[in-house]
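Just one chain is shown here, as structure tokens, and it is the form predicted on its own.
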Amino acid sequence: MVAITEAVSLEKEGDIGMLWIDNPPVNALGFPVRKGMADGIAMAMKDDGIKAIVVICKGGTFCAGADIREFGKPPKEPHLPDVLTVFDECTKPIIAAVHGTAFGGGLETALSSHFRVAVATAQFGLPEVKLGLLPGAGGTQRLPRLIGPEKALPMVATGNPIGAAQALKEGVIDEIVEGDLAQGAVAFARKVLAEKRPLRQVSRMTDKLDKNPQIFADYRKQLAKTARGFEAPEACVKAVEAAANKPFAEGLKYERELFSQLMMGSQSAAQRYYFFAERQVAKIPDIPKDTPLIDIKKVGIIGAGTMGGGITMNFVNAGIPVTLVEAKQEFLDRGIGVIKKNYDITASKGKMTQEAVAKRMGLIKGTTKMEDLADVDLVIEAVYENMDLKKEIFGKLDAICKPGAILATNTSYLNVDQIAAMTQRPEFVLGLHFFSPANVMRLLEVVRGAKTALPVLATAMAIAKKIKKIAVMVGVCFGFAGNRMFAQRKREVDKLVLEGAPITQLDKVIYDFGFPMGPVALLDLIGIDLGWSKETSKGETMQQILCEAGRFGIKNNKGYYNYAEGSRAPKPAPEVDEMIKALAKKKGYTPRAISDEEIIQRCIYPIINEGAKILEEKIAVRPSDLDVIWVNGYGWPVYRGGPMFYADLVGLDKVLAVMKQFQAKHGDDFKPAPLLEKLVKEGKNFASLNV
């Protein structure tokens, strides 16, 4: 075996050259790998004893894409497209032997080889679009030539991977290897030589290239629904279209032009930023990596309503048994029935077997006795937002649960420390704020109490990962991080409505910004009566007026908008317009035209400002954590990075100036956060605080 670089070596297996790549942990295509592959192919070409070359990786995977350690650094030659040209022009057969994942540049490397074999568990994908990019080393040009544009489009424009069986069926690979991959690849190489198969140079293939423009028109219609606002998917379609209509060299040049445009744009910058933010969020500076974890083998959940049922599903999906507690048997039966119905719907769509449904339901033990929680390792209370009730429950849990059991509250707003004070074990109490619907939403705010022990926090972060949540550590304050920031937008929406902004304009502006729906339509969806009290309602706010009129939102087909039975499509409600006008007059507002720009600034800048206050109070660890919260919990468009990233993009000096203008005009709701003023004074941005 000859070491070519520290990451690549060449070994001879008879007349087969084995080009081994060993660049832990994922054999990323960093400089040592790129140079090693190019030099290794050149070395094998000069060796008359080598008749064919197998490119294969050590460790757990084939090349899984670009080396993120090189992101943001000046590119170092040889570049991957140049290396793959060496593959392309090699006159000896190159066989890519794939295990694990061949993603991004890894798949492009395989596509540049003449043949491809893989183990049955291998996966193939071009995920660059998820970073706001497109494959930049020929992937958009070679894949359509190999399998046709119609099959290539979804792989390139969605970034979703396919398995080995589908890859074989569609022609991405030539053979699935049973048993040892290296031996199977050598056997395949010898078969290629024995049968004198011609080199399958993908760049020269044309027989699969369908130039039918309808293929691309139809796919663009699909993208309009699934990728609204994103630039990269359309660029991917353009690149694949070029593969169908241009010579390879021209298509490759066009791919690079599109790649460069995306790389220089704000959307890719935002998506690449978010990629790292999501990975950084699990790192808590004062929680060492070796902090001992508490073994969570059994979970108790109090409350079988919408939240409790959704939380239950998360745990049984991960194979963790749940004891589900309700006050009355009828509530318990209803809650378990809803869980079963949800699973049955999933099974009816072919996404789960009936056996899997039965297995999950078998992990749920329903009870009306809180004493049945005596042996659980973690209890999550998920009753409605009432402090007295929660305090009462935690007092009981403290007496029932075994020593060392973690007690968590799913509160959205309430003070976790006050709840913890009802127990003799405040170090084992914390908040686990799931977002609704809990079985769907990825975000979980882990609320750190003043006395919560480090092993409890570390366990919460670990169990979140096990149940496939993105956990963000936050501190105790009203609304924690996400809802505290969200309250700023709601306040301004309420005021803008009375100042004269039509609700349709408000919804369109925020929808066009990239949110999944406008703020007023969202109120109808979640229920206008949320937090409303009939006993204390005095007709002083739009919420009170609407609820007093029996307009609760989609749930009863009338809120700010009207809805047809069974539909979520909003329709005009002239009667609500009159209610708004009457309240505005009563409150002394003079209706005025409000620009789209003011709506964006009034709805977004206070969110940013509140985020600055949260950081200053150390409620959140870093600005990027707040961005993760907003992308996963509130529908912030990932191509805008999150509110704190967006603030940096706009410029903190501009945000500050606008906040001061609004403060002078509208009052201290817009008073700038001291941290915002400090960063502007020092010429810094929020990114400088990401640790």
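Residues carry their position along the shown sequence, with the first being 1. Because the structure is a prediction, the values reported are computed rather than measured. Definition used throughout: the rigid core is the maximal C-alpha set that superposes within 1.5 Å between two forms.
This protein has a second form, the form predicted in complex with ligand 3H9, left out of what is shown; the following refers to that one.
With the partner omitted here, the stretch from 125 to 133, 526 to 534, 304 to 312, 204 to 212 that lies within 4.5 Å of ligand 3H9 by heavy atoms in the model of the complex is 125 to 133. Checked against ligand 3H9 in the model of the complex, the candidates 434, 605, 103, 188 yield a single residue with a heavy atom inside 4.5 Å, and that residue is 103.
Proximity to ligand 3H9 in the model of the complex, defined as a heavy atom within 4.5 Å, singles out one entry of 657, 68, 42, 664, which is 68. At the 4.5 Å threshold, heavy atoms of residue 87 stay clear of ligand 3H9 in the model of the complex, well away from it.
Using a 4.5 angstroms limit between non-hydrogen atoms, residue 378 is distant from ligand 3H9 in the model of the complex. Residue 451 falls outside the set of residues with a heavy atom inside 4.5 Å of ligand 3H9 in the model of the complex. Taking non-hydrogen atoms only, residue 283 approaches ligand 3H9 to within 4.5 angstroms in the model of the complex. Contacts between stretch 253 to 287 and ligand 3H9, counted in the model of the complex as any heavy atom lying within 4.5 Å, involve 256, 259, 275, 276, 279, 283, listed in sequence order. Positional change of residue 24 between this form and the one not shown reaches 2 Å or more at the C-alpha, relative to the superposed core. Residue 60: CA moves 2 Å or more between this form and the one not shown after rigid-core fitting.
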